[in-house]
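So this first bit is one chain, no partners, the form predicted on its own, shown in structure tokens.
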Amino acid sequence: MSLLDFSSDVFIAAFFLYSGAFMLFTIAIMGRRWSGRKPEEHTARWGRIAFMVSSIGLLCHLAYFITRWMGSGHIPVSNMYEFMTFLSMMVMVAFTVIFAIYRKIILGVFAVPISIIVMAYAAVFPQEVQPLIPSLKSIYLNIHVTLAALGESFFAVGFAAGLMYLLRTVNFESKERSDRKQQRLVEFTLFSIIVIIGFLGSVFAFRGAGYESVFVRSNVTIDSSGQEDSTIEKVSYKMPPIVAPYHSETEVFQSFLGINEPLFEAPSWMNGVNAGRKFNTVIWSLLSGLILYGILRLAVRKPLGKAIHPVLDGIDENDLDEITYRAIAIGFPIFTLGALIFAMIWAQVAWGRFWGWDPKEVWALVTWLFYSAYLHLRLARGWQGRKSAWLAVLGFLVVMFTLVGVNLVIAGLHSYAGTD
């Protein structure tokens, strides 16, 4: 067995161990009501087991990282698959650090799934080892990416704790206008997470079924000499085409549930066949998320926030507020070093300038400014509790757009991290 094969095997083992740890953390919290033991004893016993399993999973994840590094000859963070697998590992590192400090079992129910979802998202991308392009052959790749990912992982734990705080403190029984607004915002946050899970479920379901449809489009351009130049764009859909690329023709169409052609065409401003494919993916994500959300609502027969709220009974809301702040306070200087300082040094070495207004650079700065504002409002203006929690939740949404939206939607010098 090669190092890369072993790396893939231990990565899968880490995924299942994290999934098992999540279920054990859930048993520790949910099962305390039905256990014959005292609730505190039940939670502590199963919490220790869950943390042990998650730690073994982290060791497997570290083994994946080291063996892939040895097998590929370079640090495995050079494309979206490698970066997302590394980020998920860093989320578990951050969780382990925060858990060791505060010993809050409930944190595992919210933080571990973030790592699981990021790992599943990584599996969407090509997993083959790719040679480094010249600009990536630098020691600053190791420093910049690892520190940036570690900082973002602490932001992820802060997001988990902030969401827990909101679920713990929002009054889901109140009919007051202000409380109803908070209820809707929490529910929308949970729905957004479910949409991501729905996207992953759709991708793997259709991938497992071997679905594929292909569209082509002819582009005619006129060069400076007045000569026409014709090019052909082709795109493969791995999900049934609800929307076709603008002004495209069908080369291969695999029917789905009796549908033999796309329902409509992408608007003209979505230029390029890949824009139509991405729009189609967004539609499938929303549909899958709505279906999954509807199933969960039918199962619990109440808003999800209201259903989760009792699980956090007895949890000290001040502890959750403190964990949110501490996680972000730890992550911020690490992120500053990795995503800004060493990134600018690397940009100077690779491209001859410290700053170039590349989309990824801009959104890294936006992320840094957002968390700077969070710390300023927290420390100078006394924004604690619910205001602080909402900032932690919104901040991580900015992080995820920087990681996912910029890489996959906006072209730039960092486009090497995308799927194609």
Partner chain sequence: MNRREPLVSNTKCECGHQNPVGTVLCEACGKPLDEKDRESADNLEMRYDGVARRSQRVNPGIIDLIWNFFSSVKIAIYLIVLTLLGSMLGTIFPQESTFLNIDASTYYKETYGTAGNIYYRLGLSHTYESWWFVTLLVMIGASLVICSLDRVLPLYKALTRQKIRKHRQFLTRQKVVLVTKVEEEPEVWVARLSEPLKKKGYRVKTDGGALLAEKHRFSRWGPYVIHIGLIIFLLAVLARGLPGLNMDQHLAFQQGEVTKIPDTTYYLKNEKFTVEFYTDDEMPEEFRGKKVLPKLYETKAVLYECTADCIDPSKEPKLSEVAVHDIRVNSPLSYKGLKAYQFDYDLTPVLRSVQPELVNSATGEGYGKFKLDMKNPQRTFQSGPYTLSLKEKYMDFGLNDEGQPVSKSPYPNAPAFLFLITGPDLPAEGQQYFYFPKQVDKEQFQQQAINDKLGGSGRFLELEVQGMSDVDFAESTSYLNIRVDRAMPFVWVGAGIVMLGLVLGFYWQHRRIWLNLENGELVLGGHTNKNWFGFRREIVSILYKVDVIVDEKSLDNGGGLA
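Residue numbers count along the first chain shown, from 1. Quick caveat, the model's predicted, so the values are computed rather than measured.
Keep in mind that the form predicted together with its partner chain is missing from the display, and what follows is about it.
For the options 250, 138, 254, 274, the one in contact with its partner chain in the predicted bound form, meaning a heavy atom within 4.5 Å, is 138.
When you look in the predicted bound form, the only residue of 365, 66, 49, 59 with a non-hydrogen atom within 4.5 Å of its partner chain is 365. Only one of 345-353, 286-294, 176-184, 236-244 lies within 4.5 Å of its partner chain in the predicted bound form by heavy atoms, and it is 345-353. A residue is said to contact a partner when one of its heavy atoms sits within 4.5 Å of a partner heavy atom; residue 133 meets this definition for its partner chain in the predicted bound form. The closest heavy atom approach of residue 330 to its partner chain in the predicted bound form falls within 4.5 Å. Contact annotation for residue 318: at least one heavy atom lies within 4.5 Å of its partner chain in the predicted bound form. Contact check for residue 125: no non-hydrogen atom falls within 4.5 Å of its partner chain in the predicted bound form. Contact check at 4.5 Å (heavy atoms) against its partner chain in the predicted bound form: none of 10, 209 and 211 pass. Shown here without its partner chain, the chain has 101, 102 in 98-112 lying with a heavy atom within 4.5 Å of that partner in the predicted bound form.
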